[in-house]
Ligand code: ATP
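Only one chain is shown below, in structure tokens, and it's the form predicted alone.
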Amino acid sequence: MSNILIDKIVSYLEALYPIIYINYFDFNLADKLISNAITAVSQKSKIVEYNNAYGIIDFDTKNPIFECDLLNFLKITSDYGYEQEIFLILKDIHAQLNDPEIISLLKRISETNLYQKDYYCSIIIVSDILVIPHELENYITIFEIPSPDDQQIIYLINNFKQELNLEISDDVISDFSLLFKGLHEFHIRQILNLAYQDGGMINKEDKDLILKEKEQFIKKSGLLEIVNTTNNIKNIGGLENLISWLKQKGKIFSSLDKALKFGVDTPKGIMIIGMPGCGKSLTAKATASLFEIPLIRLDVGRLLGKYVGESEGNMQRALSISQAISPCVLWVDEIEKAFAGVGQGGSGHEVTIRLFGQFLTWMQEKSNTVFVVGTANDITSIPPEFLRKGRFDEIFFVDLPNEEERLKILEIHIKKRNKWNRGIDLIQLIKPTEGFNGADLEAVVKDTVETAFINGFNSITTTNLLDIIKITKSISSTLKSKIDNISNVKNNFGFKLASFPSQK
């Protein structure tokens, strides 16, 4: 247990912070921190614990003492502070923090603790759900227990090794310390126990087990979505410059532990801007396959809550989970919609602005192995802070596919449907498909194959494809104004191009 955490709680208690909110799930670890901190503050203090399920319980033994609700508990114990130093430990009371009477009592205790010299009553709330009523914002201090650092993780693994007298090589410990980064002590011990029970030893083959267990955190949280995809770099037609860049980063992720020890910086991520339907989302999926790490998607809309601080708490939890899953790809699709209104003359919703700032700070300061892939169509809606150096390793612009890329995309989709034959002359399709995006080209192949099936044909021809092209409206014609605006971005901002210039 970190002395730094204990000292931090001690400093809060000695400074008469009225309410400390420990936002954590492992009550056993929280109790150890609380006990050590209170002992350091005072040897004569009294600790009274309230548990939402049992009422008043003994803090040391956890035996129930007296069954009552939270309101009566606060009424009973609030005057104890005149008699001696008292600490009220309130567990799992987040659902009751919208009760006006409870809010009023907590506020009264807090103010008495601050302003009356003969009164000492500190409140410590412990819950893994963060709920802060507006009336108590100024009285509550959020205390977070961070996940162990590299040295602490190695210590935990070695401690587990000694307890069971196991042989675990230094290479395995080094690899596992990287995979365990972002997990809490509770989860690390759980996974080590599972790995040991599974085979009676711990070796490199247990990496997959760790990743599968990490996926459970995503599914249980409901804040992030795990994306299972079979897409890979071969499914992308063109974008050679972008793919070449990703392959370089892929070499780092394939030997991440060695790369970091060598002094290579942890890759931060990439922003992909440009035309809709031209492979931005596909690239995000292919990146995870290339790096051989999980792909998780962050939907900001899922984070919004109805209580003050709930949305911010959800964002913090989502980012913490992504760190626990790392190394992984965190995909934020359509960033301009996720943070709509931010940076546009203060028109953004207050909560959205706070979430944006929170996410931005995390991106700037993160040193973990979460590789962020942001995708966006309309850069004019993206807050300019997102585009500053240090947020992403690189920003790429994806244009409408050039001639070579259109041929590759058509070929990929024809072969995907097992309809490739020598009679198809893709060269004839170059000019008629000018202005088509990747989605348009896929639709052409899909509709051609469907029409062939309906008419009883066994194969498709160049003429079949041309017939469908003639009746397909490209994105350049249906969204001309929007496409023109996005195209201007390429000329005005000078982002790195995802494609090499056409050779034709």
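Owing to the predicted nature of the structure, the values given are computational and were not obtained by experimental measurement. In case it trips you up, residue 1 is the first one in the sequence shown, and so on.
The next section is about a form of this same protein that is not shown, the form predicted in complex with the named molecule.
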*the named molecule in the predicted complex: within 4.5 Å of a heavy atom of each of S281, N377 and I409?*
yes
*4.5 Å heavy atom contact, D26 to the named molecule in the predicted complex*: no
_Can you tell me whether M275 touches the named molecule? I mean in the predicted complex, with a 4.5 angstroms heavy atom cut-off._
yes
*Indicate whether D447 is a 4.5 Å heavy atom neighbour of the named molecule in the predicted complex.*
no
*Hey, in the predicted complex, is I56 touching the named molecule, heavy atoms inside 4.5 Å?*
no
*With the named molecule left out of view, which of K91, K268, K181, H413 would have a heavy atom within 4.5 Å of it in the predicted complex?*
H413
*Taking the named molecule in the predicted complex as the reference, which of P383, P148, P327, G237 has a non-hydrogen atom within 4.5 Å?*
G237
*Quick one: which of 459-467, 61-69, 437-445, 36-44 gets within 4.5 Å of the named molecule in the predicted complex, going by heavy atoms?*
437-445
